[in-house]
Every structure is written in C-alpha cells, then in structure tokens.
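So this first bit is one chain, no partners, the form predicted alone, shown in structure tokens.
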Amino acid sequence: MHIDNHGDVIAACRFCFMCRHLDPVGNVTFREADTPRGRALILDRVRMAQERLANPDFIDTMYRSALSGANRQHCVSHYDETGLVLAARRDIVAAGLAPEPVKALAHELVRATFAIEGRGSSLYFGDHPRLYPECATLSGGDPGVALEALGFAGEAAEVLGRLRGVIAASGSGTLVVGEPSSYVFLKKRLGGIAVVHCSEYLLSTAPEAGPARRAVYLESDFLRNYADGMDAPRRLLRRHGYELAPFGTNAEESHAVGEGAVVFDALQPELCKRLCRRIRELADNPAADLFITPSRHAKAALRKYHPEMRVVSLEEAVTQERSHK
C-alpha cells in the first residue's frame, strides 16, 4: 500500500496534538477525525489490517481533508501529513473503493484537452490572456493536479502527457501560469520548460505604486505551503498601490477555503460553505473590504456562498477588473 511509504508520518502524527488548530476542516467541524492526528490514527489501523480500508467512514474522512498543507508547513519536523492523505486516496482508488462522486468527477477531468491560440515567444495558461499580449494562449482543462489530488495518479499522468505534447509542439520554452495549483503541479513536472507564476512575470512590467488602496489578501495554500511562501503576489500588489491588511487570528492558518484539494467544493459543498462562512466571520468588514486571492477556486467558492463580499483574483486586482465573471 502507498501509505506504507509514510510510516514515519503515521508514527509521529497519530499521538500529536500540536497542529490540530491549523486544519481548516477540523476548525469548522470540531471532529477529531478531521485533524492530522485523527487521520493518522485511522491509517494506522488500516496499516495493521488492510481490509479496514473498505470502511466507508474511513474513506469519507480521507476525502474530507482540504489538503491545505498548513499542518505540514508549520510542523516542527515537517511531517508530510498531506502526502499521507494523498497516498491513502491512491490506495482507495487502487482498491476500487473510490466513492461514486469521486469516480464521476475523475471521469470528467480525464477528458481534458488542450490547444494553443495566437503566437508568441511564451505561453500563458490562465483566465486573462489580454494581460499577456506577447504570449500565445494555452487553453484547456485541469492539467492533472485535481486527478492527482483525488488519488487517480495514472489518469493525472495521462492528462499531463497530452499537455506536454501540446507545449512541445509549440516550441515554447516558457509557460506563464495563473492558477497556483497548476503552477506548483507543472513546475515540478515539466522538465525543460520554465514554468513561471503570473505574479513573477507581471512584476517585470508593474508600474510604480499609486495611491494606497486597502485590501485583504487571502493567501494561497499552494503558494504558501507548497511553494515555500512565494512572496511575488504580495510584492506585485504593493507595486500596484495596494496596502494589504492582515487577516485572521494568525499567519499560519489556511484561509483558502479548500484550495489545496482543488475540487473541494465539487465534492464537499457543505464543508466548503462552512469554510467560506468562517472567512466571512473573521473579516473586519466583509461587506466593504476588497478581498484578493490568487486562486480561482477560492474566488469561485467565496462568491458562490457569500456574493455580498467583493472578491477578485490577483490578475483582476492588477488590472482593476471588478466584473463578476
């Protein structure tokens, strides 16, 4: 089983309470099972008797995780509890035990196709191609990160292979990516291609800061906890005149409403709704403040469950686009 490769994590996390306050799902359900300790205890039982993997409550618990990475990032020993949950999901899929909603979603995701429009020395993969007139536009579905998060590693590799072929045919050596999840996923897997986050790319053309405008920046799980706390988005926003207000009760907790699990709202809408409600409750002035997020997943969820909040993407904030697309 894949979880056998994470025996150190199981042994360390199953009796440790130190990071329970950082699990976003645990913070809204108050279930011990929805913490790293709870999940490690469950998987310790599975490791001792593999047939326990078929327990529907155990399976449900693994797919309830938001995979924020905050627990791993702020663990004193950086035990990879996120990797443990991903391994458990791969074991669930390999055993043919994936829940029907998970299988249905994977069936849709694996059909992703990709195409390139326009000409340019670089490619742009995102929602705002007019910000990048010198780039050709790469369009298509999820590049495989969501499938991997669901436990379908083979299908994720299949989709990534199709994407890699399209990029290779273009002859481009640089790919600019808007979505943090896709950026982290592709940067680790597209050897020979320079994968650049949109904030890094746009910094080179950012104007000097204008009049200060207050905004709340909702940090991306992928950029903070999967990409070593990339600071380029904050620097880009400051260059555009934004004064970024602190948010929440601490700088470690995830406020990305399930972004780490990529398709969290599709699988766990009630939990996603509760995560969004917590963001609204933590906000100083939810009806008046401007909220900026690098993640299209976080933006979509917050707008869905709290349409009264002004939430824009990083690229929209830079270009002053305020329409609800």
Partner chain sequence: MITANSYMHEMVRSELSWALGDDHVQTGDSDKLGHSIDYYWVPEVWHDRGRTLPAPDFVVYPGSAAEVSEVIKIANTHGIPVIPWGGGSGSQGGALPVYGGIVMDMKRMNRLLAIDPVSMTATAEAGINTQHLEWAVEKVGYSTMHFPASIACATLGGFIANRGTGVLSTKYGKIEDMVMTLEVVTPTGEIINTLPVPRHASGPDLAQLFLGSEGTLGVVTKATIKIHPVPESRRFHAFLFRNMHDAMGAGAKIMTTRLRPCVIRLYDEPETARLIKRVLGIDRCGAYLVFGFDGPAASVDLEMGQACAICRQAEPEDLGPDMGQAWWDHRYKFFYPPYMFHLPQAFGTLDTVATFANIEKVYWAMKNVVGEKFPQAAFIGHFSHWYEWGCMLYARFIIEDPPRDPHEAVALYNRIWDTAIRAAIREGGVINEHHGVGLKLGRMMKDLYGPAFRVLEDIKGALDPNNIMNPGKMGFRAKGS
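Positions refer to the first chain, counted from 1. Predicted model only: the values in this text are computed from it and were never measured.
The same protein has a further form, the form predicted together with its partner chain, not shown here; the description that follows concerns it.
J.: Does D57 make contact with its partner chain in the predicted bound form, using a 4.5 Å heavy atom cut-off?
T.: The answer is yes: D57 has a heavy atom within 4.5 Å of its partner chain.
J.: Even though the partner isn't displayed, in the predicted bound form is I42 close enough to its partner chain, meaning a heavy atom within 4.5 Å?
T.: Answer yes; at least one heavy atom of I42 falls within 4.5 Å of its partner chain in the predicted bound form.
J.: At 4.5 Å between heavy atoms, is T61 in contact with its partner chain in the predicted bound form?
T.: Yes - in the predicted bound form, heavy atoms of T61 and its partner chain come within 4.5 Å of each other.
J.: Is V76 one of the residues lying within 4.5 Å of its partner chain in the predicted bound form, judged by heavy atom distances?
T.: Result yes; V76 sits at the interface with its partner chain in the predicted bound form.
J.: I need the one stretch from 247-255, 224-232, 162-170, 119-127 whose residues put non-hydrogen atoms within 4.5 angstroms of its partner chain in the predicted bound form.
T.: Correct option: 247-255.
J.: Please determine whether each residue of A106, R111 and F114 possesses a non-hydrogen atom within 4.5 angstroms of its partner chain in the predicted bound form.
T.: Negative, none of the three is within 4.5 Å.
J.: L290, A33, A300, L267: which sits within 4.5 Å of its partner chain in the predicted bound form by any heavy atom?
T.: Selected option: A33.
J.: Given a 4.5 Å distance limit between heavy atoms, list every residue of 5-38 close to its partner chain in the predicted bound form, or none if there are none.
T.: Result: A12, R14, F15, C16, F17, M18, R20, H21, L22, N27, T29, F30, R31, E32, A33, R37.
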